[in-house]
Ligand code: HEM
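Only one chain is included here, represented as structure tokens and corresponding to the form predicted alone.
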Amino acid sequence: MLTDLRAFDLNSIDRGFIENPHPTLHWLRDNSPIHTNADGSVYLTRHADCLKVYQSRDMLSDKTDEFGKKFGQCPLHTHHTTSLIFRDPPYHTVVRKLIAGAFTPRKLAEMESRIEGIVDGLLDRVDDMGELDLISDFATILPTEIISFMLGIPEEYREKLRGYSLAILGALDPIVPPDRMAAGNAAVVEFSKILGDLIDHRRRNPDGAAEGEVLESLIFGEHDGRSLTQEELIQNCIFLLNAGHETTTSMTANAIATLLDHPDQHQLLMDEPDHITTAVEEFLRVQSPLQIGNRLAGADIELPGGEVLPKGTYIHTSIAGANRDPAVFEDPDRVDITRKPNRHIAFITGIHVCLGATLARVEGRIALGRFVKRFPNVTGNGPREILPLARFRGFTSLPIRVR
């Protein structure tokens, strides 16, 4: 049984919380659902509260001041205050409109055959290996190939993307040691140079490549007469690569790990593969790749229970806590790949709802469905290594055997 956690502080969490946050989140949701941290910020663990924050237009994503205090003036500050996710309208509207054309149902339908081809090629490779690390040998490669195709990233740079992504995203954790901060800054600098050269080349050769439709939309497109500067282009390409890469890697690996831990659900999916669509939603719910979101209250906000958070409150939303809220999900700690309805918020909601949510679902449906069908005897093959981050949930290593 957990002890009293009223002194819990999200800004001083330990490895135990990262390994398994759910006992703590359950306690907070039952006893301190609007939990105040030592710095005055609040941590929300109820589904209804998180939903209200995400759907309110008065909640701000711009974190220029907050990141100024956290990072100072450095490449990480430039990136995280320029990319789409941490900005509000009208800038957010401009960038989102320029990107959205690549995520229409027609475009995504066109992508399915490419995804199937990449998955089948990867599965052939997995079959040849027999024993592998699911992360490096499978889960990172599919989203890297897809988002690199959409942005026209040359093949020689693709193996570096996860390292860049983890270094940059890792700096968003509540606690960032100096070595991680230095690695994040170095990743932004190196990645920015690569992307800057690529953007310059595409400006000079607008019809010179079959790949990179999203990049071309960002470079040559405009919304209401507004186009993006070079810095805005670079930082939003970094954001897209990180968003389209790391969370999908974790979604895939978390799903396989969940099936390994719940053989009854693994067997059910093998027996009834049509459950793959609802299974993907359940994997996203029980092990959400994004665990914590943030907003700044731009006005007083009344939560569903009547509590009021005053303007200026810095809010942490526990996506992991919301997705296991018993007020919304029956028996929330039980994995049920047939669960309907499944009102998880793994992709957020509101104006910042994930642009790539549909693409991620397509990748998950194809990759996981075909993996389970082809390798019914998959087993663990050694200790797993959890991604050492609180904001994101995944693995750095997941050894498996497929036969």
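Being a predicted model, the structure only gives us computed values, none of them experimental. We number the residues from 1 along the sequence you see.
Same protein, other form: the form predicted together with the named molecule, not shown, and the subject of what follows.
Peer 1: Does the named molecule come within 4.5 Å of a heavy atom in each of 319, 347 and 352 in the model of the complex?
Peer 2: The answer is yes; 319, 347 and 352 each reach the named molecule.
Peer 1: With a cut-off of 4.5 Å between heavy atoms, is residue 275 one of the residues that contacts the named molecule in the model of the complex?
Peer 2: Contact with the named molecule, no.
Peer 1: Taking heavy atoms and a 4.5 Å cut-off, does residue 203 contact the named molecule in the model of the complex?
Peer 2: Result no; residue 203 lies far from the named molecule in the model of the complex.
Peer 1: Taking the shortest heavy atom distance, is residue 103 within 4.5 Å of the named molecule in the model of the complex?
Peer 2: Looking in the model of the complex, residue contacts with the named molecule include residue 103, since a heavy atom lies within 4.5 Å.
Peer 1: Please check if residue 329 has a heavy atom lying within 4.5 Å of any heavy atom of the named molecule in the model of the complex.
Peer 2: So residue 329 does not count as contacting the named molecule.
Peer 1: Looking at 32-40, 368-376, 352-360, 333-341, which stretch has residues with any non-hydrogen atom within 4.5 Å of the named molecule in the model of the complex?
Peer 2: Going through the listed ranges, the match is 352-360.
Peer 1: Among 147, 111, 94, 194, which has any heavy atom within 4.5 Å of the named molecule in the model of the complex?
Peer 2: None of the others qualify; the residue that does is 147.
Peer 1: Go through 269, 240, 218, 259 and name the one with a heavy atom inside 4.5 Å of the named molecule in the model of the complex.
Peer 2: Contact with the named molecule in the model of the complex is made by 240 alone.
Peer 1: Though the partner is not shown here, which residues of 78-93 have a heavy atom within 4.5 Å of the named molecule in the model of the complex?
Peer 2: 84, 85, 92, in sequence order.
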